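This document opens with one chain alone, in structure tokens, the form predicted on its own.
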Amino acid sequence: MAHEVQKSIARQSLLLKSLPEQHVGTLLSHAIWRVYERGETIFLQEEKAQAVHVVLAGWVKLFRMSPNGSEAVVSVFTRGESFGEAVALRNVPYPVSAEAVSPCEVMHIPIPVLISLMKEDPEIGISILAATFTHLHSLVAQLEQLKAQTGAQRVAEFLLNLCDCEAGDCEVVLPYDKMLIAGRLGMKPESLSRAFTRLKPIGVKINRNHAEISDISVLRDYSVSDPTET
């Protein structure tokens, strides 16, 4: 039996929170709850899709491997976020691989259970489409970042999203290693290091897996308009 805290987190995910309670209860009763260690594979690219996934704790990355063996990070998900909805609707293999990048807990909802409920109530399909649209919107935002922002601006925005306050100074913990941060932001590790260096004059200091930000407002202004580019 899954812990009530885990169920509460799952209920707040985009996939489940808009559904009537009786459907949520059904999905939770059929869900599979797994704990993964850092570096453990959740599923592989081209593997037959079996479930839709909700992260309950930790971080999970989705990535593709190119024919030459290089890795392209597609997205990174954390607590309360779901993935795999579009594959569930299309009944096709996973187009990406998923890996735990920290110790994490994931809830897996078997696809046959979702499909069965969708036949009973179209609201299930609408909820899945809403989650899929959110993923698409996120990918469009990532593309916009790559096209419109410098590497240092992308890093600045990444750090701002980790802050739990709106102004003043702040210290944040980098949620995963710098290589993954670079991949997530469409950069090479050496480019990430240069970006951190460019942020030093505006009060950002990186100390291992911590970032000390002296003034959030200054960093926010920089993320919108890099003075070295104007």
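Start at 1 and count along the sequence shown; that's the residue number. Just so it is clear, the model here is predicted, and its values are computed rather than measured. Only the largest set of C-alpha atoms that superpose within 1.5 Å between the two forms is called the rigid core.
Not on display, but discussed next: the form predicted in complex with a further copy of the same chain.
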Please identify, from 33-41, 167-175, 184-192, 52-60, the stretch that has a heavy atom within 4.5 Å of a further copy of the same chain in the model of the complex.
184-192
Looking in the model of the complex, is a further copy of the same chain within 4.5 Å of a heavy atom from each of N68, R90 and L139?
yes
Is K205 part of the interface with a further copy of the same chain in the model of the complex - any heavy atom within 4.5 Å?
no
Non-hydrogen atom contact L160 with a further copy of the same chain in the model of the complex at 4.5 angstroms:
no
Hey, in the model of the complex, is C104 touching a further copy of the same chain, heavy atoms inside 4.5 Å?
no
Under a 4.5 Å heavy atom criterion, is A130 part of the interface with a further copy of the same chain in the model of the complex?
yes
By the 2 angstroms cut-off, has the C-alpha of P201 moved between this form and the one not shown once the rigid core is superposed?
no
